[in-house]
Every structure is written in C-alpha cells, then in structure tokens.
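Have a look below at one chain only, the form predicted alone, in structure tokens format.
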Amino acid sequence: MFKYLFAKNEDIPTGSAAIYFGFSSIIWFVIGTGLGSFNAAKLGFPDFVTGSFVFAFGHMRQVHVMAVIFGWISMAFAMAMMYITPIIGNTKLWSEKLGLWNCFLWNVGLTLALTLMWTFGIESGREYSDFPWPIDLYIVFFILFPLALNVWMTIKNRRTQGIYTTNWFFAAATFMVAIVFLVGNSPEFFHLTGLTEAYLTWWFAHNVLGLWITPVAAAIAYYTIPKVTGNPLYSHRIGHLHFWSVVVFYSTPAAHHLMSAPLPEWLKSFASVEGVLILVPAIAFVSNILLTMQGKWHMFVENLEIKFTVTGVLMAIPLNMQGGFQQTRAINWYIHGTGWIVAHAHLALLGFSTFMEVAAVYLGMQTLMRRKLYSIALGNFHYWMLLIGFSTYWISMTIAGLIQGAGKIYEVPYIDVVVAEHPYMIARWIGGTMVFTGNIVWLYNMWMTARAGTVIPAGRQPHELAYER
C-alpha cells in the first residue's frame, strides 16, 4: 500500500484500494471475533483471566463491538463500494489514490481509537458511540467523507444511463451515516447530559444500524445475486420501494430503546409504530432477492458467494420480525435489558449483515486480483463454521434472554437467574469461538489466494471457474 500513497493516480493499479480494504476488513474480523470469544469465555467461566482491569469484561466488551462495527463491517462495506460502484457505472473508481489514503487513515484511526479505549480506558461511556469526541471527528472527516466523495464522484462519472439500485443505497448511506455521526455524537461536542444524552446515544445506535449497516448490506445482495446467477433483478420498482421505505421508516426516532425513560409518550408511541413499519422494506427486500433466484436455486448449494448471500437474506426474516415487534410496548417490557437484545443485535451484525459482506469480499477479491479462490473446501468450512457458530450463539442467547426476562418479571433472586443461564453462556462461548476459528481459516484462504490462486483468464469471472477442475 505505502508505495502507492504518493504515486500518481494513473500509476496505481485498478482495484488496489478495494483489495487493501478487503484484506483489512478480514484482519479486523479476526481481531473482533477473537475479542468476542475472549469476552464470552469470561461470561462462561467467571474466573478466566482475572486481576487486571485491561482484561475485565466491562473494559473489553466495547473494544470488541467497535472493532467489529468500524473494522470488519464498515471496512467490508468500503471494499464493496470501491469494487461494485465502478462496475455498475461502467467506469473506474474516481480516485484509487484517495481510496488508498482512506484505507490507510481508517486503519491508523481505528487502531489509535481502540488502543486508547483498551489500554487507557479513554472513551465516552456511551454504548455504540464509545469513541471520544476527537476520534468521532476524525472518523467523519478522514474516513466517512473521503469514502462518500469517492462513491459520489464515481457515480457522477458513470457511463450508464441510469443509477442501479445498489448505487442508490451506496450514495444515500454514505451521506446519511455522516449526519448520524455528527448529530448522534452531539452530546460530547456540546456537553449534553441526562435524558438528552441518553436519547441521542440510542438515536445514534439505532440509525447506525438502520441507515448504514442495513441498507449497505442489502445493496450488496442487489448486486451479488444478479451478477453471479445471471438473472436480472426481479423488480426495480420493488427495489425503489425498499430504498424509500428504509429512508422513511428506518430513520425512526429510536425512542423505543428508552420505553421506561421519561420521554414524551407520543415520541415513544411514534417510534414504536415506525419500528413495526420496518417490515415494509424488509418484505420488499427479501421477496425481491428470493424471486431473483428463480430457476437458480441449485446455486445455493453449489456456489459459495450465493450460499453466503442467500443465507444473509434469509436471516433478514427473523431479524425484522424480531426488530419490528420487540419495539412494541407489549413485548419490550419483557425482553428489555436481557440477553434477547444481545442475540438480536448479533442477528443483525453477525448474521444478516456479515453473511452478505463475506460474499462481497469473496467475490470482489477474486475478481480484482484475477485469482481463483485457493481452496473451495476451506471456503465451505468457513461458511459452516460461521453459520453453526452464529446459530449456536443466537439461539443460546435468545433462550438466556427469555430466562432473564422471566427472572425480572417474577422477581427471581438474581443469583438464581445467573445459575439458570450459565449453560447458555458456555454455548455462547462455543458458538463465538467457532466463528473466530472460521475467520482465521478465511484469512489464510484469502492470503493463499493472493499468493498461489489460479489465474483467472481475461473475460472470465471467479464464479464461472469456481468448481472447474
């Protein structure tokens, strides 16, 4: 990377920025899930690594969360944008040099932020926006704005007549996430406290998911499924319905996160109703993608990228059913503050979103490096470790959450609840460790693909050669 940072843009090989973002995202995924496995071990085995605040669960949890969201997920998104946006527009990335500087500054900034949090305990203390305010500004101006500029200018310079659904989502999401960051972190910028701080904290947390992670993951599926299957998108109109309903319904006031707080009742009711209406974009998205698969369902078994993408799409069904109805007062009072919410958050980030990002990285890296995947067997091993590991985690934490909810409602002594949920904490650790193991194998597989993968002939695509012998 370093030799290209000060090179002329025309001297930088096409796809360099996306390739470096791809490898960076995988490395952060290994780091993030490794931290997650360590944290889960501390919940399953309370005497595991004690005596140091650096390894305390309450100190490490946020390092794990931020490494996954801003390292793995967001950098995989950047890779997908820098790979997919030019292809759809039949053009080149506006600036490979800007993309490389973006990747470099992203890695430097995230490493600094997590070091400050982990080693020195310097953070905001606000969930999902734990970075101190100087880091927040760094993210906006040195990470998000350069990414957005590259995406917008690439779309502007397209050599196609229209803008495909995927690029609608990419362009809008890069715009909205900057606003979410600036507004959501205003409690630190302007020293807001109390209920205002609590409300804006959860407004930020909800909309990072709703206006960044959810739409970009969906945008990836809108590209990957038609590209690999060869089928046209089932309906562009349904794609537009999905886009505008995300903008309208997912930009919820987020007060459903604070149902027991002294917020105005109308605001909580408004948020609750809008929360249920996220089923509109969810149904539009899932139906559009699954109908696009018509006649090509055999690829769900045969093709690695389709396998990951469709699995992520299918996970959108329980994700949005949960997300919609757990925002209602009738359900929220029972599951609020329990492991159910932790399970739901992982269904969104480690399930729905991650599976589609993994597919984009697999496809994009092979295409840009012109190398066939080193080992399909290792790719399938990665898929099953991720799927079984995640499912074990999600199911065990959902059950633990229901136990905690019952203990809360029926005023069961706290220690009895801890004992009852202990087997599920062990299952949580097992599932998370399986995901971590699968990611180590993935990193090795992609490294070997870069070094020893079979060269893909000009005019061919990775998925066309995947199972050729």
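Start at 1 with the first residue shown and count on from there. Remember, it's a predicted structure, so these values are computed and weren't measured experimentally.
Only in words, not in the display: the form predicted in complex with protoporphyrin IX containing FE, which the text now covers.
J.: Should this chain be marked open or blocked when protoporphyrin IX containing FE, placed as in the predicted complex by superposing the nearby C-alphas, has its atoms checked against backbone and C-beta atoms at 2.4 Å, with 3 or more hits meaning blocked?
T.: Site status: open.
J.: Pick from Val65, Leu402, Val441, Ile27: which has a non-hydrogen atom within 4.5 Å of protoporphyrin IX containing FE in the predicted complex?
T.: The option sitting close enough to the partner is Val65.
J.: Tell me, out of Tyr334, Tyr128, Trp118, Trp168, which residue has a non-hydrogen atom within 4.5 angstroms of protoporphyrin IX containing FE in the predicted complex.
T.: Here the answer is residue option Tyr128.
J.: Only one of these stretches, 70-78, 315-323, 235-243, 171-179, has heavy atoms within 4.5 Å of protoporphyrin IX containing FE in the predicted complex; which one is it?
T.: Contact criterion met by 70-78 only.
J.: Looking at protoporphyrin IX containing FE in the predicted complex, is some heavy atom of each of His206, Val208 and Ser272 within 4.5 Å of it?
T.: No, the whole trio is out of contact, none within 4.5 Å by any heavy atom.
J.: Looking at the partner-bound form in the predicted complex, is Tyr393 within 4.5 Å of protoporphyrin IX containing FE by any heavy atom?
T.: Tyr393: yes, in contact with protoporphyrin IX containing FE in the predicted complex.
J.: Can Lys307 be called a contact residue for protoporphyrin IX containing FE in the predicted complex at 4.5 Å between heavy atoms?
T.: Answer no; every heavy atom of Lys307 is more than 4.5 Å from protoporphyrin IX containing FE in the predicted complex.
J.: Is Val342 near protoporphyrin IX containing FE? Define near as a heavy atom within 4.5 Å, in the predicted complex.
T.: Residue-level check for Val342: yes, a contact with protoporphyrin IX containing FE.
J.: Quick check on Val286: any heavy atom within 4.5 Å of protoporphyrin IX containing FE in the predicted complex?
T.: Looking in the predicted complex, residue contacts with protoporphyrin IX containing FE do not include Val286, since no heavy atom lies within 4.5 Å.
J.: In the predicted complex, which residues of 272-296 put a heavy atom within 4.5 Å of protoporphyrin IX containing FE?
T.: If the 4.5 Å heavy-atom criterion is applied to protoporphyrin IX containing FE in the predicted complex, 272-296 yields nothing.
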